[in-house]
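Only one chain is given next, in structure tokens, and it is the form predicted alone.
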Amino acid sequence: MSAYAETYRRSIADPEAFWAEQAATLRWSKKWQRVLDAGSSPSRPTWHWFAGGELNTCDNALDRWIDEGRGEQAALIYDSPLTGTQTTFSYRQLRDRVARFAGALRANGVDTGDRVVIYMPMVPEAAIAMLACARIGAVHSVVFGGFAAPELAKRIDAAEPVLIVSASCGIEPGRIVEYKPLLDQAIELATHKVRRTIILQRPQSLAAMTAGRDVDWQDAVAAAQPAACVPVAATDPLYVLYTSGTTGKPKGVVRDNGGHAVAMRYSMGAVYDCGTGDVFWAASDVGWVVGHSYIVYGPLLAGCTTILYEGKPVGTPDAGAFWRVISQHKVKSFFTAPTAFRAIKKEDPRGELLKQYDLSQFRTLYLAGERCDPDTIDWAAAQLQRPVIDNWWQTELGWPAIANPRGIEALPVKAGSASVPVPGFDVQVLDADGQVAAKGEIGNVAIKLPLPPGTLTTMWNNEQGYIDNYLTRYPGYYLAGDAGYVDDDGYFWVMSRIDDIINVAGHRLSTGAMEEVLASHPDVAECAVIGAADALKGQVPIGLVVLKTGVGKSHEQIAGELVARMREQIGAVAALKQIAVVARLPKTRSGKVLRATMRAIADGKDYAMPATIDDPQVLVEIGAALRTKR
């Protein structure tokens, strides 16, 4: 049996022994009584990992490495092409900053178990604030910096924080985003009234302070005494991270301390092939789950050097920005969203900028956030001459559930597949009746309960919502909300959200498969396919494509070529006859394409402006393009 197969078998057959082994790599102040405390209740199955155990996440991320002689190793590198700033913090320096800010939180009324909302740009202080909360056992809830005031107010009301940590501004290419007025407005809108904020004044724009409520970051730190780590129960919450709910009410994913720390450390080695001393970079934002798991907690819990990057894949200054960071900081493993590589491919399709940099220390590229089309994977692999690894997971899961486990065994790459279930995740594809679907048959991705450590334990103040959203459809399983299939080799192909499986004249078709066809065209940089309502066929697909820079063909010629490709590769049943060439696709700030919103526009339905949208103007442009196709 291969190394992966044996490891996976053990994780499913004897999860308590398996996870006890992984937990032993952490520093516990009190050992657990039960590795898995599983029970049942009339409403739902329950399970808790490492019940009875106590530890501190910040202690395991920082202090333990200093005690083990790694205090002078680089812990965090801040690289900001937007401000021209680079700063490196050793483990000792970062621990001291975190301890002092934890003392500032204490001095301003934050106690163990209290919530703290963090509304910050990509600066070191964002990570420091997160770790400081963990240090004293407070529960942080990070909200993406620059979020609109009404959406921030919803999260304030949901989390009920005793304090908010923010900054005067964020910085985007060519503009300053004033955070403080947005925060002031959100506090005014919120029903829950916050009496204290700590504000980081950035030199690019100083904010007006509200007397009696706002405290300057530097003043708070100067007046504080360093705080020691507070042991908390493994089952106590570490953070609440809100995702956009379908009802408009944000869903607060709850992550515990013990299971999360165990899963983060394990995944850094098993999935991302990184350990103590390695340089790991996740190009994301602390407002998203990737930022929590793989900018802050995962790398530090594994003793790596992590990079916090304030910039873009293109435009800061060009499409070689990622290569510069990887070369300069000797990155071993790099993780970003597929949309970032599509942007690079669009601007530099022949990889000319890549040739300027020495990537000799670089080993593997990891992509996740939305499905990565095979063409983008093949392009990246050809340019980098390195393995390009897709991996599938969600905010709710917290770490990869399907991936190529490079740290256990490097499996063959199949472009378009996220590969195989990660140890601990019993992933299945189920049909409408809850039976395991046949090989090659599209069904609903589900994970057999109990979920492994590091996954959500519930939704904050919304237990019923957790049950209804995830546990009701298939009793005994977690419903992921994605559709896909398993091939004959046991590889999983997660094709789209369940809502993106469209029904064309009785045929269930994956928009992800159609997008693969469009993306394979040599002139297409990125694309999306949506299903629009049709009186005759139920639904018909509409393709939206963004072209690479420098394409000379007419839009009509390219559309004709794409329709022909679709007929050749999927067949006439796809019925894709409408192609719109657009300048850009509407996306969230984490890079996900807003397909559901485009569907609503195509069907002439009312829609709410998504809170996470990167640029609302794009929807105006898309609306105009879709109207010409209906």
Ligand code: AMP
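What you see is a predicted model, and the numbers here were worked out from it, not measured in a lab. Start at 1 with the first residue shown and count on from there.
Just so it is clear, the following notes concern the form predicted in complex with adenosine monophosphate (AMP), a form of the same protein that is not shown.
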Contact residue in the predicted bound form, chosen from Tyr477, Trp393, Phe89, Tyr366 - any heavy atom within 4.5 Å of adenosine monophosphate (AMP): Trp393
Just one of Gln225, Gln435, Asn503, Gln356 has a heavy atom within 4.5 angstroms of adenosine monophosphate (AMP) in the predicted bound form, so which one? Asn503
Based on heavy atom distances of 4.5 Å or less, which listed stretch (91 to 99, 366 to 374, 263 to 271, 324 to 332) is in contact with adenosine monophosphate (AMP) in the predicted bound form? 366 to 374
I'd like to check something about Thr243: if you look in the predicted bound form, is any of its heavy atoms closer than or equal to 4.5 Å to a heavy atom of adenosine monophosphate (AMP)? yes
Taking heavy atoms and a 4.5 Å cut-off, does Val289 contact adenosine monophosphate (AMP) in the predicted bound form? yes
Taking adenosine monophosphate (AMP) as it sits in the predicted bound form, is Val494 near enough to touch it, meaning that at least one heavy atom pair lies within 4.5 angstroms? yes
State yes or no: in the predicted bound form, is some non-hydrogen atom of Glu125 no more than 4.5 angstroms from a non-hydrogen atom of adenosine monophosphate (AMP)? no
Out of closer and farther, which fits the Cα atoms of Asp373 and Gln539 in the predicted bound form compared with this form, where the change is 3 Å or more? closer
